[in-house]
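First, one chain by itself in structure tokens, the form predicted alone.
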């Protein structure tokens, strides 16, 4: 669905929230069908013996934390392939990593380490099992750090970072996540990218004084595959032809 403006977001909170108790379950059925079709087309799990395709709606699902839906594998490959990574320098951090599909695909790129942050213990354990199974010949990074924790309690290291978000939570939590990243970048200026798939609340990133969009992609008729990439340094953005604002 297209990005919602703040007024519509308030209207659709509660019972009508896309991740709420009413429409959320209908949306879940759509996502289940979509994921089934995509798995038939891309065969990610069948090729690697993993279990990342089926959406998961937790019994005590909070509307502020969205239910698990897998990112289309080909979209993750497209996104990470467009980022000029310095081998063994960047950390890949997936907030709301779910069953770990983005973590698995990221391991085929030259990251220094791969971090998954997931609140649900059930999804966290599924991701651990998937990481243990995923051993493609193309794997370039095997340093996984899976954490079962609240995203707001995560602390960044000093390395350059790619922060991956597939619509994992609502506006308020996203604001806090972005603010914490900005604080880390002010303390320790370095290259950073924020990947936001299905960017419902992109205005949060648009309001940043540190981040600027350097790429957008995905077909309009497949909103779950639309994405934006924001960069935090001049050097990072220059490689994509756009100069972001300096760190302040």
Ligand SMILES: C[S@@+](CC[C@H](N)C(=O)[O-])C[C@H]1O[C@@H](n2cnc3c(N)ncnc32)[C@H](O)[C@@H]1O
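Numbering follows the first chain given and starts at 1. Just so you know, these numbers come straight off a predicted model, no measurement behind them.
As for the form predicted in complex with the named molecule, it is not shown, yet the points below apply to it.
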Worksheet item: Contact between residue 192 and the named molecule in the predicted complex at 4.5 Å, heavy atoms?
Response: no
Worksheet item: Any of the heavy atoms of residue 111 lying within 4.5 Å of the named molecule in the predicted complex?
Response: no
Practice prompt. Report whether the minimum heavy atom distance between residue 196 and the named molecule in the predicted complex is within 4.5 Å.
Written response: no
Discussion item. Under a 4.5 Å heavy atom criterion, is residue 159 part of the interface with the named molecule in the predicted complex?
Written reply: no
Fill in: Answer range among 77-85, 138-146, 90-98, 125-133 for contact with the named molecule, defined in the predicted complex as heavy atoms within 4.5 Å
90-98
Discussion item. Check for me whether the named molecule, as it appears in the predicted complex, comes within 4.5 angstroms of all of 71, 164 and 167 - heavy atoms only.
Written reply: yes
